[in-house]
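Single chain ahead, written as structure tokens, the form predicted on its own.
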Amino acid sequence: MTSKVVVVGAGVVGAACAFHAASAGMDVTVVDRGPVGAGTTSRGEGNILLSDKEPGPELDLARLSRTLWDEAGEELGPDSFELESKGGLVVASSPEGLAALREFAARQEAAGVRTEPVDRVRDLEPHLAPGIPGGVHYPQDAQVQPVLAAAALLRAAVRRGARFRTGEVTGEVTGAVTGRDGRITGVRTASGDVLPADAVVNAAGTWGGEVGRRLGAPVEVLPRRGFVLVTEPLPPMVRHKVYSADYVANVASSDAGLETSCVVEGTRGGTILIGASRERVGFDRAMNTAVVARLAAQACALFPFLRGVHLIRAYRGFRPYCPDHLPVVGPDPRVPGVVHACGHEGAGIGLAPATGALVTAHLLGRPWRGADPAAHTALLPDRFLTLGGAPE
């Protein structure tokens, strides 16, 4: 049984890995060069979505995560991370788009997702623009406040004995220490310290590729920039997470250029969040007012009342993107003891609890909620390797 585990990354995925590993009795240390949830976690909307996922391994993760978020809410208190079971509403802009959306929903329902076709979408969202032909309601979609969620999971892990090291000196991993057999025995930090470890979990988000390289196990995780707009606080105006059907296609796209699709939802504090954009521009953090204008225009077309509402800010961040749009979860064959948990793109918050459970199952060599971890081979890092063991 693996006993000492170092988790690299204190975002929501790393916190979930620490929570599940500590709950299983492991000796866990979480390290991060920044504060809790300061990376991609702090730049997201907090979505827990089933509605945007094709049947397959990612939807399997999402369905289990939905259950685990409810369990975390029961244990930690739903208010500790603002868990809201608000449901999602996906709307189509044309009869042809509606037919495609409902065919997609039928495949999801066959995979265990609850779906409800809606003809009169303004019965669910009275402030939607007129003329929308219909949509699909997903009652299982939910939302959390992502930084609070990461902090709550990490606090619970600490109560179970986990430790946390942060800062550019003590919390940044610079390399791996291995034994004669090549197995991980520890990690080096920027301070020169060596933290003993039987296993290291790479939960470094957008930096998962770089951390993997430092550990001798590089994986292809790339940044994909996205913007989110925030309105002034308002009375409750948007009841669900509402998005246009083309959002699903944009998530699945591998195009490097700018893509936007309309996503609108309210928060407990009264602000409305507007997204979503995707573009591969490296780690360029520049503000792009053209993207902001496009997102605002799409949101106003969907909810006309927004034309009279003020934006108070726009923020951007980087989603950890893998070329095949699946996260990398599981042990790396090149360096025994390295386990990856990164590359979730915009779904990391929703998939975090199941990722933590699956990583812990791999560490223990035990079944994962009734299924062999090896059944999820599509998520393993092996898919990025050639026969020679190098990244493609």
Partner chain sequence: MSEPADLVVVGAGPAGAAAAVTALAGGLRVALVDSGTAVGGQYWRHPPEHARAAIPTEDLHHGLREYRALCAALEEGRAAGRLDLRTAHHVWSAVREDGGFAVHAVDRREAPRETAVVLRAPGLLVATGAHDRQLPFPGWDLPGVLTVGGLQALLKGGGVAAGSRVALGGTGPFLLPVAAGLAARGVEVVAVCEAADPRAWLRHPGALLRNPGKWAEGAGYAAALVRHRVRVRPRTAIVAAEGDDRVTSVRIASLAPDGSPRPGTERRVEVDAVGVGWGFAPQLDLFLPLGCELADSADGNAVVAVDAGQRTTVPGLYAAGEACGVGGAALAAAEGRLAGESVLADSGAAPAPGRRRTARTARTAAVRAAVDRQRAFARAMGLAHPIPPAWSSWLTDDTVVCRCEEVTAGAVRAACADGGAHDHRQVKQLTRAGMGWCQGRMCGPAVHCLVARERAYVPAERLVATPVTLGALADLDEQPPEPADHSEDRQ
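Positions refer to the first chain, counted from 1. All of these numbers come straight from a predicted model, not from anything done at the bench.
Beyond the structure shown, there is the form predicted in complex with its partner chain, which is absent from this document and is the topic of what follows.
> Please tell me which of 300, 158, 190, 195 lies within 4.5 Å of its partner chain in the model of the complex, judged by heavy atoms.
That would be 300.
> Of 177, 311, 281, 169, which residue is found within 4.5 angstroms of its partner chain in the model of the complex when only non-hydrogen atoms are counted?
After the contact test, the surviving option is 311.
> I'd like to know whether residue 100 contacts its partner chain in the model of the complex, with contact meaning heavy atoms within 4.5 angstroms.
Judged by the heavy-atom cut-off of 4.5 Å, residue 100 is in contact with its partner chain in the model of the complex.
> Consider residue 269 of the chain shown here, and say whether it contacts its partner chain in the model of the complex, taking contact as heavy atoms within 4.5 Å.
So residue 269 counts as contacting its partner chain.
> Flag residue 163 as yes or no: does it have a non-hydrogen atom within 4.5 angstroms of any non-hydrogen atom of its partner chain in the model of the complex?
It does not: once its partner chain is placed as it appears in the model of the complex, residue 163 has no heavy atom within 4.5 Å of it.
> Using a 4.5 angstroms cut-off on non-hydrogen atoms, would residue 207 count as touching its partner chain in the model of the complex?
It does not: once its partner chain is placed as it appears in the model of the complex, residue 207 has no heavy atom within 4.5 Å of it.
> Among 196 to 204, 110 to 118, 226 to 234, 212 to 220, mark the stretch whose residues have heavy atoms within 4.5 Å of its partner chain in the model of the complex.
One stretch meets the cut-off, namely 226 to 234.
> Taking a heavy atom within 4.5 Å as contact, would all three of 62, 67 and 361 count as contacting its partner chain in the model of the complex?
Zero of three within 4.5 Å in the model of the complex.
> Going through 138 to 162, which residues have a heavy atom within 4.5 Å of its partner chain in the model of the complex? Please give them in sequence order.
If the 4.5 Å heavy-atom criterion is applied to its partner chain in the model of the complex, 138 to 162 yields 145, 147, 148, 151.
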